[in-house]
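Consider the single chain below, provided in structure tokens and representing the form predicted on its own.
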């Protein structure tokens, strides 16, 4: 089958959608981000990539903390709203019920099935964007999102974003167990 060349300008793959939280000018603020990834296992490090102009960046730099909140599909309207309006122009502090963990300055969203409280460990700067690398200090969820004491992705119903068509999606069915299903090839 012949491969077709595609534009390298826009990510062609689906991405998890998160709400990044920071405390800015005495209030919680949240921004929707799809450029999010794990960086390291021990210590547990994550990274978010954000345009330098974002209001949320100020709070991350001021407090050296931030949160990563995984919204459910039921939260898509509020999640999208956070991508359409800047904290410079609107107070988003009352949009969600918030709580704080041990760091006391990384606002987390109670309605989100999974939240990560992060301590800033490094900031990388590029022409238009900054990468904030944070160490996960604590993760929070509720019993209803767990199966066998582990987060259950079906119960959490995360939002997936595709940049090429600018759409939000929900997950489908499990197709196999990672690092397990491929072992069948060795047997053959």
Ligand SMILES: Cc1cc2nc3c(=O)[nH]c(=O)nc-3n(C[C@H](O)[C@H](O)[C@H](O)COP(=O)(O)O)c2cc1C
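Quantities reported herein were computed from a predicted structural model and do not represent experimental measurements. Residue numbers count along the first chain shown, from 1.
Beyond the structure shown, there is the form predicted in complex with the named molecule, which is absent from this document and is the topic of what follows.
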(Q) Residues 100, 103 and 119 are flagged as a possible site; in the predicted complex, is every one of them within 4.5 Å of the named molecule by some non-hydrogen atom? (A) no
Q.
Given the stretches 150 to 158, 119 to 127, 37 to 45, 55 to 63, which is the single one in contact with the named molecule in the predicted complex, using a heavy atom cutoff of 4.5 Å?
A. 55 to 63
(Q) Using a 4.5 angstroms cut-off on non-hydrogen atoms, would residue 169 count as touching the named molecule in the predicted complex? (A) no
Q) Going by a heavy atom distance of 4.5 Å, is residue 113 a contact of the named molecule in the predicted complex? A) no
Q: Find out whether any non-hydrogen atom of residue 49 is located within 4.5 angstroms of the named molecule in the predicted complex, and reply yes or no.
A: yes
Q: Decide whether residue 29 counts as a contact residue for the named molecule in the predicted complex under a heavy atom distance cut-off of 4.5 Å.
A: yes
Q.
Can you list, in sequence order, the residues from 105 to 122 that come within 4.5 Å of the named molecule in the predicted complex, counting heavy atoms only?
A. none
